[in-house]
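A single chain, nothing else alongside it, follows as structure tokens in the form predicted alone.
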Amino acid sequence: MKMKLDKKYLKKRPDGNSFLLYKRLIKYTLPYWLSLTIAIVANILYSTVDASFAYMLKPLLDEGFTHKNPTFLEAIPFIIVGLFVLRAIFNLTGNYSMALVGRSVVQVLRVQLVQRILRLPCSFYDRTSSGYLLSLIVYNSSQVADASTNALTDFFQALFLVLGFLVVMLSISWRLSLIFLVTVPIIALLLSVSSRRLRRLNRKTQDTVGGITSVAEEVIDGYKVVRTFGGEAYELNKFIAVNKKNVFNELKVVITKALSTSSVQLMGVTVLAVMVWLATHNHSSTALTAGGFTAVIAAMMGLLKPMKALTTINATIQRGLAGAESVFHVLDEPEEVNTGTYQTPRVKGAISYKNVNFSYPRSNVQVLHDVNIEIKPGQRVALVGRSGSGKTTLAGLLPRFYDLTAGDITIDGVSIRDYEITNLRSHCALVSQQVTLFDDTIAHNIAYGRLGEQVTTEDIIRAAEAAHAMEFIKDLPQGLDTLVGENGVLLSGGQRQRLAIARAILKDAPILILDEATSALDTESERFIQEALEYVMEGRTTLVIAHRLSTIEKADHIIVLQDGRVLEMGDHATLIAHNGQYAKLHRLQFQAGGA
């Protein structure tokens, strides 16, 4: 099957101003100014030592071999060894100091990215793949740090090596050196052209790395579905497509860098050839001693390496700037709105939906229309309806996973917009069909319900017993200290669900949201879950999103939604007697054996 790369795996980002991007990037190194200064000075001295070797060729040939100066000949071995020792010290100091700055910048960027990601609204996650975000944290942030530190190391080494060799050349023959200086504008033009192309290509390359991560993550997470439905070939072709795109862009980068480097070196060699011709044809203005001529040629040859390094540095910087665009794009994403200031230790749980309308961000489709619901403290309210009727959306608005388009929701008479958002969510507990467990022990997963508080083992055990989780925990090799694997992969669906309920019980929040918590469970697991849910719902205001209508017959109110509107409302007996949509759904489930 021929696979076309899906655009969702490639993030489009606007071009940013290179100077402003790099200026912002360099600011990350300023807290480490001492290490940065030491690194720069060490690299300057390192380059100075290298340049001095070229200059020493002149006295070495003129004084040592032509004039046979015995004092100079005795001193030269010690001078050479001493210079190499200094060179090694400067090299070690410079590289270590700059590596310290670089790793520190990577650490700061990754922490800032995760901090920002934790505070972004749910709408951001709806439009951004987790694979792309992982690529930012792991790959792009490292590229950014390379541009701000490693590139600086190479830049100062190469720059001062070039300056050092130029000083050598000018001090011996300024006329010949001027020939080289004429080519500088041409070299600058070549670097400018390659910079723009490298920046564009590196941006595309980094986007395809995010695509590779996204596709690979889907294959890994969905391996059961892939194998069950025979999707191996399809997923492989999809991965090959995005991987080919990455390789194609990488090769473009290599070609551009090679052409840029070769062009600069060709200019340098051309100048070298002209200088050799002038120096060897006995022009009076360029006449040199043997030592002077050798030193100038050595300096010219030495210039080729740092000139090549400067083109490589340019590629590193452009790659880093491309990464900076993506990293800063996420860092500049607006956090979820948290302008509320109202806080309370515990709410009673009276909830009111008033003329609630909602559309998802960047969507013109209205999901909820003028919804009005009154819930008293401690009541159990069930939300039912066909898929897409707005049940999950209505419940998700309560802890402000999304902000209302119009209308208001109040808890104990206070608008949820007026609550400080962390305080608002502290009053809510969530148990959903898609249980999220962390790759940690069972005890820590349950204790997640009260992070930052002192939780004893007895508290965890009581919560686990209430959720009927201790019945399987006690049979595990390490009991509560058993690792559950990534997202609880080592546990069954019913066991994961019971841990989620134990977590909600331990949190002891006055408002509970159950989002199809018993869906897709076997009969025995459902019985345990129902008993656990009865316990956790006791004395709490509960919103229940249910597919199996038999599980919500005891609800105080049942709200039937259709196309985002409240169609019916009442208790089970009233709605059955009304013989409307709820009664129809109820009959269909029982006739199909779904209850």
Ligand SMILES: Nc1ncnc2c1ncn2[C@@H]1O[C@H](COP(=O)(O)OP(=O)(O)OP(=O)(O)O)[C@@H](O)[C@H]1O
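What we label the rigid core is the largest C-alpha set whose atoms superpose within 1.5 Å from one form to the other. Just count from 1 along the sequence shown to find any residue number. Just so we're clear, the structure is a prediction, and the values are computed from it rather than from any experiment.
Omitted from view is the form predicted in complex with this ligand, to which the following refers.
Does this ligand come within 4.5 Å of any heavy atom of E232 in the model of the complex?
Looking in the model of the complex, residue contacts with this ligand do not include E232, since no heavy atom lies within 4.5 Å.
Might H468 be said to contact this ligand in the model of the complex, defining contact as any heavy atom within 4.5 Å?
No - in the model of the complex, heavy atoms of H468 and this ligand never come within 4.5 Å of each other.
Could you confirm whether Y360 comes within 4.5 Å of this ligand in the model of the complex, counting heavy atoms only?
Within the cut-off, so yes.
According to a 4.5 angstroms non-hydrogen atom cut-off, is K391 in contact with this ligand in the model of the complex?
Heavy-atom contact with this ligand at 4.5 Å: present for K391.
Choose from 135 to 143, 380 to 388, 492 to 500, 104 to 112 the stretch whose residues reach within 4.5 Å of this ligand in the model of the complex, heavy atoms counted.
The contacting stretch here is 380 to 388.
Tell me, which of Y342, F124, F328, Y402 has a heavy atom within 4.5 angstroms of this ligand in the model of the complex?
Comparing distances to this ligand in the model of the complex, the residue within 4.5 Å is Y402.
Scan Q433, T256, T128, S195 and let me know which has any heavy atom within 4.5 Å of this ligand in the model of the complex.
For this set of options, the contacting one is Q433.
After fitting the core, H547 CA displacement of 2 Å or more between the shown form and the other one
For H547, whose C-alpha is compared between the shown form and the other one after core superposition, the shift is 2 Å or more.
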